[in-house]
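Shown next as structure tokens: one chain only, the form predicted on its own.
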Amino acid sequence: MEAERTIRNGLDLTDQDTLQQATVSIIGCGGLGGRTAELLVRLGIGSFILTDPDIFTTSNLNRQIFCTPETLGLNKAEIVAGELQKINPEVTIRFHVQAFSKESIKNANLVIDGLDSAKDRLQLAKICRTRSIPLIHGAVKQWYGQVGVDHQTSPLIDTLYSNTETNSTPNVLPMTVALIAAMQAAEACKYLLQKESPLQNGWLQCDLKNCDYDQILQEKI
């Protein structure tokens, strides 16, 4: 059953087994986090750690894949855990319904950034670097999005957010979320399979309105 589940991925058995043995921590299980989780469980990731203290609200319905009228008022991490296990009952999941901490990334091979606060992203990146765990960053605002990889030799989050003083609640279109989540899943896959990617030393900015995509490289430290 497991081999048939992922056969259309077109990956060899060694790569597929690597994904099955991997543990991915997702911090924030709303728009980006929820969609990335759904893609990764279908890809064949075998273990997840989900962290989110928030509940689904009506304003989440436009973009958060596991937000439905039935899940309003329920914790995001718990709901996403249940939905992932519907897709693959064999997947191993533990979830936290409080703010992220070191426990949220314990034993993870990589971390997915599903946050919407500059302050929280900077804190998460710092924790990940102390554990030498790469952080797959994603952010969205209406038609615009960005994605990249933060790690010890390429501190992307510091570059993008160190001078950010305030946070606002952005308008977010569902197709922007879907695109950036797909890119985060792709970067996660490449990292786990030890495949090179330009975004491991930089980031990609996307403008869906004008079909404009800019890749920015960052010097290693």
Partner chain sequence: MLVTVKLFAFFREGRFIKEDRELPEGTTAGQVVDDLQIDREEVGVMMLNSRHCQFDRILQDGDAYAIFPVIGGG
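Source: prediction; values computed, not measured. Numbering follows the first chain given and starts at 1.
Not on display, but discussed next: the form predicted in complex with the partner chain.
Residue 205 is the only one of 205, 201, 23, 18 with a heavy atom lying within 4.5 Å of the partner chain in the model of the complex. A heavy atom within 4.5 Å of the partner chain in the model of the complex is found for one listed residue only; from 141, 126, 86, 119, this is 141.
Stretch-level contact analysis of 132-140, 102-110, 67-75, 89-97 against the partner chain in the model of the complex, using heavy atoms and a 4.5 Å limit, identifies 132-140.
The putative spot formed by 54, 148 and 185 is not touched by the partner chain in the model of the complex; no residue has a non-hydrogen atom within 4.5 angstroms of it. Taking non-hydrogen atoms only, residue 217 approaches the partner chain to within 4.5 angstroms in the model of the complex.
The partner chain is not shown here, and in the model of the complex it never comes within 4.5 Å of any heavy atom of residue 44. Although the partner is absent from this view, residue 79 stays clear of the partner chain in the model of the complex, with no non-hydrogen atom inside 4.5 angstroms. Contact between residue 12 and the partner chain in the model of the complex is not found at the 4.5 Å heavy atom cutoff.
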